[in-house]
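A single chain, nothing else alongside it, follows as structure tokens in the form predicted on its own.
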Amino acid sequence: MAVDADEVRREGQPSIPGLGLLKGLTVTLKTMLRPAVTQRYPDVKPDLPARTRGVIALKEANCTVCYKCARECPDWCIYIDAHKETHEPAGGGKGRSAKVLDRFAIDYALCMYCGICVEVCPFDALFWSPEFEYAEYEVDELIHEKEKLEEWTYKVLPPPPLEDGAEPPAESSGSQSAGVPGVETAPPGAAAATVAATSVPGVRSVSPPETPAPAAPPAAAPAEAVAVSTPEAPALKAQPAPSTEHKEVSLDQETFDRVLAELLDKGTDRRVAEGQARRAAMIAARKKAEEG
């Protein structure tokens, strides 16, 4: 049985004309009196959090051309080209080959912003940048090269500080203190400290089961461990020495000042301009070093 909507009335509730209009105007007046929460973009830039995921930026100095990001990318939107160069060692011996990055581009028309490339990069060459104004008029122009990705690196904000009561990540204590009880969270030099602490009489009361052990065999074991481990510590510290050989080239100040002045005249942001000028100065310094 069809019933007209006008005939459906609640019992005991009179019909007041214009009641719905008054309710609507009341809601409108309440909304008008509230302060505005919108920002006048693009005149007012938004205050983005430190971990905003805008685009993926590249720090070319950290890239070792391992192709791991391109292999793990599910969309195959990362394009990498490189070549090998042989560098003659300073102290003689066999030359060492190294990969030189020629092209690193990301097609943001295919990228789905999953962040897998940022997570798998073992050398911290890829970062999330808060930059979001990179729209283009053509789809082909969404392929950004390494120069553009390097500019976005200078806009990466530092990570937020730790919360109150949070503890920093504990460093691994090393293989020397792995077998010593109660030294898991100690620094790498804790092994030597524990060996020295065994000679203090007050420490014997902490671990009574270990004191009844025979004096001759256990005393020889820690001594041998210390004798074997102490030469390894200087050897490990001496390994980073080859990396310092590549820092002989100093910044070309003339190129830096010239490029910085040109970019600032064009209206480029000073932070981005300094990064580009520093990069151009390092390239010029390397070329002068190779020619000389």
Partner chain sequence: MIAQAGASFVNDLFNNFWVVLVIKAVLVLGFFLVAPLVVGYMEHKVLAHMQARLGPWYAGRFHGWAQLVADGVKFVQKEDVIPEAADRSVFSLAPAVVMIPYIVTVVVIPFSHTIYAENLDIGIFFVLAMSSVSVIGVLMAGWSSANKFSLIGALRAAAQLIAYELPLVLAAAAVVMQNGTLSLIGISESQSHVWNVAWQPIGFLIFLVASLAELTRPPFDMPVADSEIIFGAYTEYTGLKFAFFLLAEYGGIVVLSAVASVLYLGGYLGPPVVASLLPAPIWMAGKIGALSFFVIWLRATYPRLREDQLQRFSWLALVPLALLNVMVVAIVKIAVK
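Residue numbers count along the first chain shown, from 1. No experiment lies behind these values; they were computed from the predicted model shown. Between two forms, the rigid core is the largest collection of C-alphas that superpose within 1.5 Å.
Quick note: we don't show the form predicted in complex with its partner chain, though the next part is all about it.
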task: With its partner chain left out here, work out from 65-73, 35-43, 49-57, 254-262 which stretch has heavy atoms within 4.5 Å of it in the model of the complex.
output: 35-43
- prompt: So in the model of the complex, does any heavy atom of L25 sit within 4.5 Å of its partner chain?
  reply: yes
message: Is it the case that L29, even though its partner is missing from this view, gets within 4.5 Å of its partner chain in the model of the complex, heavy atoms only?
response: yes
field: Partner proximity in the model of the complex: I283 to its partner chain, non-hydrogen atom cutoff 4.5 Å
entry: no
- prompt: So, does V27 move by 2 Å or more at the CA between this form and the one not shown, with the core held fixed?
  reply: yes
